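There is one chain below, alone, in structure tokens, taken in the form predicted alone.
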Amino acid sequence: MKKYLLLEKREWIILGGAALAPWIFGFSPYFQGLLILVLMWVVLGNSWNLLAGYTGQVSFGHAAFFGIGAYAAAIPYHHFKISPWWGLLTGGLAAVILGYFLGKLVFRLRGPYFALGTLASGEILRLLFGEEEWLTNGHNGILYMTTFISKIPYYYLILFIAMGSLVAVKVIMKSKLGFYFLSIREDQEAAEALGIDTTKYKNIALAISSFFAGLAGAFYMIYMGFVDPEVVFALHNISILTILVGIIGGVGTIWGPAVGALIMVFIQELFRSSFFGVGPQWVSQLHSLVFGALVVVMILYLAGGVVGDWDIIRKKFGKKRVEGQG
């Protein structure tokens, strides 16, 4: 019976708490907005984690899938006044198509060359969408009047998408497909020797990963009501932060992206608002430095991330507490 529940009891409690959070805690629109961003990064983190954490194909170009998903919702509205909400159907599909052609090129490469190939794809699309004004309105971007004033509908929409991405990753990694992904990550030559078509399964991993990243991009357009190439194809603000979410939370773990997204958004907002208006204004420029320092600390002391090395964290702090009581 348990295998049909998809998630464990503890995980259902967490998701139930997330569903009730806006009502139980009475969050203001400001904090509702932060939670929406956290959940959006959960989707992006899950998509990257499946490809890099479980399949071993480290991508530096997830902004390409995110951006193409956003523009799949924005371009039909700009030219034909078709509601961006259709992007929830077309955004993921457009990203999968992009991932298919990208996979044909970059999966001939391995190691750092694959990472560089994905990085180049995002930068090429950023430049292309910025110059082709006839199609994308260039650097002026595309503006859309959002449907709802309240943030609650957007919160539950992205919660549903985030939950779907989490369940999808968990189900996949418990299936034969997940076994193939892990075998490619651990030793691609050995996997090929066992008769596994590694190119095929890397493309499948990329398709699933790009689908959820494109879906997150389409949601971004619907929620924010504005896209431009410098935002949705940004190397630093999308691709690199997506990687940070995985590294901080725990690469190759189910709940790592969720924890990483929560930590990343909290730190980013803490510095962006200069410690919620208490500190000096120049503090808002330090979040990139803090992220970099945090990654160095994680690599040196918690290479498995918060979730991956949770037992180490618990034992260390538990020992300190016992010594303090003694």
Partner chain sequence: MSILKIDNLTKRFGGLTAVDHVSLEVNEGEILGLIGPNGSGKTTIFNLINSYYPVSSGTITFNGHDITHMPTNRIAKLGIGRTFQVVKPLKRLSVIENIMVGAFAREKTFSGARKVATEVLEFCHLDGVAKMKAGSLPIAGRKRLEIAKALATRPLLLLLDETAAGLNPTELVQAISIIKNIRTELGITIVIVEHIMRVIMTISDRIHAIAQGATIAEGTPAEVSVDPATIAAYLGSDFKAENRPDA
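Because the structure is predicted, anything quoted here is derived from the model rather than measured. Residue numbers count along the first chain shown, from 1.
Just so it is clear, the following notes concern the form predicted together with its partner chain, a form of the same protein that is not shown.
Novice: Using a 4.5 Å heavy atom cut-off, which stretch among 190-198, 67-75, 87-95, 206-214 contacts its partner chain in the model of the complex?
Specialist: Careful reading of the contacts points to 190-198.
Novice: Looking in the model of the complex, any heavy atom of Lys174 within 4.5 Å of its partner chain?
Specialist: Yes, Lys174 sits close enough to its partner chain in the model of the complex that at least one of its heavy atoms falls within 4.5 Å.
Novice: Does at least one non-hydrogen atom of Trp255 fall within 4.5 angstroms of its partner chain in the model of the complex?
Specialist: Close contact is absent here: in the model of the complex, Trp255 is far from its partner chain, nothing within 4.5 Å, heavy atoms only.
Novice: Hey, in the model of the complex, does Tyr155 get a heavy atom within 4.5 angstroms of its partner chain?
Specialist: Tyr155: no, not in contact with its partner chain in the model of the complex.
Novice: Might Lys170 be said to contact its partner chain in the model of the complex, defining contact as any heavy atom within 4.5 Å?
Specialist: No, no contact at 4.5 Å.
Novice: Using the arrangement in the model of the complex, list in sequence order the residues of 176-190 with any heavy atom within 4.5 angstroms of its partner chain.
Specialist: Residues within 4.5 Å: Lys176, Phe179, Tyr180, Leu182, Ser183, Arg185, Glu186, Asp187, Glu189, Ala190.
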